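Heads up, the chain shows up twice below as C-alpha cells, two forms, tagged structure 1 and structure 2.
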Structure 1
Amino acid sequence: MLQAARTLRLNIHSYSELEEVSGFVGNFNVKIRKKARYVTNDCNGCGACTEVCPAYGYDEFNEGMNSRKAIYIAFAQAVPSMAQIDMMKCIKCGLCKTTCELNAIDFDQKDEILDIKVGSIMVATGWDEYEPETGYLGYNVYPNVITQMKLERILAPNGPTIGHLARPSDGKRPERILFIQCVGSRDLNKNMYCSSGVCCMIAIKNSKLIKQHYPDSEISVAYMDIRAAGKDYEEYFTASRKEGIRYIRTNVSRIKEDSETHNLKILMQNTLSSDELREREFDMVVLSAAMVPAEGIEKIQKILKLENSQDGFFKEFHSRLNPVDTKIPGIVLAGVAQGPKSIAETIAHGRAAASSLSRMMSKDKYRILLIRAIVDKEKCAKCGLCELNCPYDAISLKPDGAEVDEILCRGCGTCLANCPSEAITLRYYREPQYEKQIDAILEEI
C-alpha cells in the first residue's frame, strides 16, 4: 500500500464510495463520494489528537475485541496515514482541535462529490468472512467460540492482545484448541460452494503458528475434507501433522459450555477410526468460516449493471475461457470479486485483469459486434416496458418511440421478450433468418 501511494499518476481515494457510473468503454463518467473525515489533508498522522480524546468507540479492525478513540487512524500503516472522526461517538469536546498543531480538525467538513473520467474500470471488492447466526455452534453465545478472523487479530503483534494467545472469557492462554472447518460453506442451507481451500490453509497456518509459540498446546482440527490443492500445500499440511496437530474427520453439530470454567464440551466421532461418540473438552473453539461477497457488493452491482452468479459474487464473461472480463466492455473483475481465491490465485487474477485492460486501452479503437436491439417505431406503442426492463439502461423512450443506444446495448434480448407490440428485434437474430435456415435444412432432408 505504501508503494502504491508513492506511485506517480496513481490517485487513491480512500474512505470513499462509488455513487454513479455512466458512459461506455473509453469514456466512463464516474462520481465518487469522498466521505467527510472532519480532518483536512494537513494531518500528518502524529496521533496527538488520539491521545487526548476522551470518547471511545468500537474497533472494527480488531473485530470489536477492544475499543478505539472517537478520533483515530483506521489501522497501522493505513494509506493515507490520516486521522478521522467517528461522529457517532464524538462528544465534540474540542480537545483534539486544541491539541492539533497543524489546525487540521474541521468539524464543519462535508462529504465531497468527485467527478472523474476514466477509460476502463477494474472491480476488486475483496471479501468478508461469513458470520454464523447467533447460537450456531455457540457463536455469540459462548465467549470462547471465535472465528478465524478474530484469531488472526489475537495472534497479530498489533492486535488487541499484542500477539499473545488469550481466550476472550478470562484472558487465559487456551491449551486445548479445536478448529472446526467448513462453517457456512459446502452447506445446502447456507453456501454451497467451497472457499477454494482458503479456510483449510488458514486453519493449518494458524495451528502451526500456535504450536511454534506454545509447543505444549493440544490442537485438533474437525474437518470434512482437507483441501490442500495448491503448490506445496499438501507438504504444508503434512508438516503440521508431524508437529502433533490432530485432524479428526467428523461433523460437529452441537457445543456445550461449562458455566464455571467456560470450557467447551463437544461430542464427536472420528469417522475414519471409530464408530463411538466421545465427549471432548476444549478451552477454545475456532470456526473456519466461509468467504462471502463483500458488504456493499449489491450497490456496486446496480451501479455498474453487472450480473451476479449463483454464489453471490460477480459473474464473469465465461467461467472457464474468460474469467476476467465482464459482459460490459471496459469493466473487468479482479480477485475475489469474481469468486473465492487464495492469495496466489488472487494475484494471478489481478495481473490478468490489468493485462486485459492494458491491451484494450492501448488501442485507438474498440471494435464491437453489432448484435443490438432494433426498434420498429411504426409498431412501437410507447409503453416503456423495454426502458423499464433493460438491465444496461440502453433504451430511452422518445416522443416517436423507444430509442436504443447501440454502445450501451449488449444484445441480451430482455427488451425483445418484454415488448407486447413485437416492435423490437435483435440484429442477426430475426425470426425470418431462423425460418430460412429451418427451410434449408428441411430441403436437404
Structure 2
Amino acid sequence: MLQAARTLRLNIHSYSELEEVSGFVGNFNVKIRKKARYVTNDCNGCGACTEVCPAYGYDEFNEGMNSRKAIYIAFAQAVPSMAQIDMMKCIKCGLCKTTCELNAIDFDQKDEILDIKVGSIMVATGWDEYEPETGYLGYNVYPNVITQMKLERILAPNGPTIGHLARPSDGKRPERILFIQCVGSRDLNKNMYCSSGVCCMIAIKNSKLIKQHYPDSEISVAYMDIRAAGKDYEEYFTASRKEGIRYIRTNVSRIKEDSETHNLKILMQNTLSSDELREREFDMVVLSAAMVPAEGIEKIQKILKLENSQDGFFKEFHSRLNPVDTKIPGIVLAGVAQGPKSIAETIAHGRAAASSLSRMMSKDKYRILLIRAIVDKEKCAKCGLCELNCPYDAISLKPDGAEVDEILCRGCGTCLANCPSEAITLRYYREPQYEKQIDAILEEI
C-alpha cells in the first residue's frame, strides 16, 4: 500500500464512498464522497493529538476488543497515515486542536464530492467475517467463545494483548482450545457455500502457531471436512497433525459454560471412531466463521448495476470461462468481491482483472456489435416505458423522443417488446423477420 501511495498518477481516495457512476466503457463519470476526517491533509500522522484526547471509543481494527481515542489513526500501517475524528465519541474539547503543531484539525470540515473521469472500474470490495447470531454455539453469551478474526487480532503483535494469547474472561492463557469449523457456511439455514477452504487453512495456521509458542497446549479442531485443496496445503495439514493437533470429525451437539471457571463443556462425538457421545472441557472456543460479502455491497451493486450471484457476491461474466469480467464492459471484479478466495487466489484474480483492463485500455478503439436498438422518433410517444425497462440503462428520454446509447445498449430487445407505439426496432432482428420465420414454420400445418 505504501508503495502504491508513492506511485505517481495513482490517486488513492481513502475514507471515501462511491456515490454515482454514469457513462460507459472508456468514459465513466464517477462521483466519490470523500468523507470528512475533520483533519486536513497537513496531518503527518505524528499522533500527538491521540495522546491528549480524553474521549474513548472501541477500536474497530482490533474487533472492538480494546479502546482507542476519539481522534485516532485507523491502524499502525494505515495509508495515508493520517488521524481522523470519530464525531460520535468526540466531546469537542479542542485539546487536539491546541496540541497539533501543523494546525491540521478542522472541526468544520464537510464531506467533499469529487467528480472524476475514469476509463474502467475494478471492483475489489473484499469480505467481512460472518457474525454468528447471539447464542449460536454460545457466541456473545459465553465470554470465551470468540471468532477466528478475534483470535487473529489476539495473536497479532499489534493487537489488544500485544500478541499474548489470553482469553477474554480472565486474561489467562487458554491451554485447551477448540476450533469449530463451518460456522455460518455449508449450512442450508445460513450460507450454503464453503468459504473456499480459507477457514480450514486459518484454523490449521493458528493452531500450529499456538502450538509453536506453547507446546503444552491441547488443541482440537471440530470439523466437517478439512478442505486443504491448494498447493502445499495438504502437506501443511499433515504437518499440523504430526505436531499433535487433534482433528475431530463431528457436529458439535451442545455447548455449556462452567459458571465458575468460564470453561466450556462441549458435547460431541468423533464420527470417525468408535468413540461415544461425550463431554469434553475446553478453556476457549474459536468459531471459524464464513466469509460473507463486505458490508455495503448492495449499494455498490445498485450504483454499478451489477448482478449478484446466489451467495451474495458479485456475479462474474461466466463462473468458469470468465470469472474476472462482468456483464458490463469496462467493469471487472478482483478478489473476494467475486467469491471466497485464499490470498494466493486473490492475487491471481486481481492480476487477471488488471490485465483484462489494460488489454482493453491500451487500445484506442473499442469494438461493439451493430445489433442495437433504433428509435423512430416520428413514432415515439415519449411514454418512457423503454427507459424504465432497459436493464442496461441505455435509453434516456429526450424532448424529441427516446434516445439509445449505442455503447451501453446490448441489443437485447426488451425496449421494443415494451414499446406501445412500436417505435423501436432491433437492427438485424426486426419484427417482419420473425413474422416470416413463424409463417414459414407453420405453413405446413
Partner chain sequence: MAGTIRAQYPATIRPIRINCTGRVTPSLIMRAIGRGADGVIVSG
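In this text, rigid core is short for the largest set of C-alphas that superpose within 1.5 Å between two forms. These numbers come from a predicted model, not from an experiment. Here, residue number means position along structure 1's sequence, counting from 1.
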query: Form predicted alone - structure 1 or 2; finding: 1
query: Post core alignment: residue 435 C-alpha displaced by 2 Å or more between structure 1 and structure 2; finding: yes
query: Rigid core superposed: residue 410 CA moves 2 Å or more between structure 1 and structure 2; finding: yes
query: Core-aligned C-alpha movement of residue 272 between structure 1 and structure 2 reaching 2 Å; finding: no
query: Core-fitted comparison between structure 1 and structure 2 - CA shift at residue 374, Å; finding: 4.8
query: Cα displacement of residue 387 between structure 1 and structure 2, once the rigid core is superposed (Å); finding: 2.7
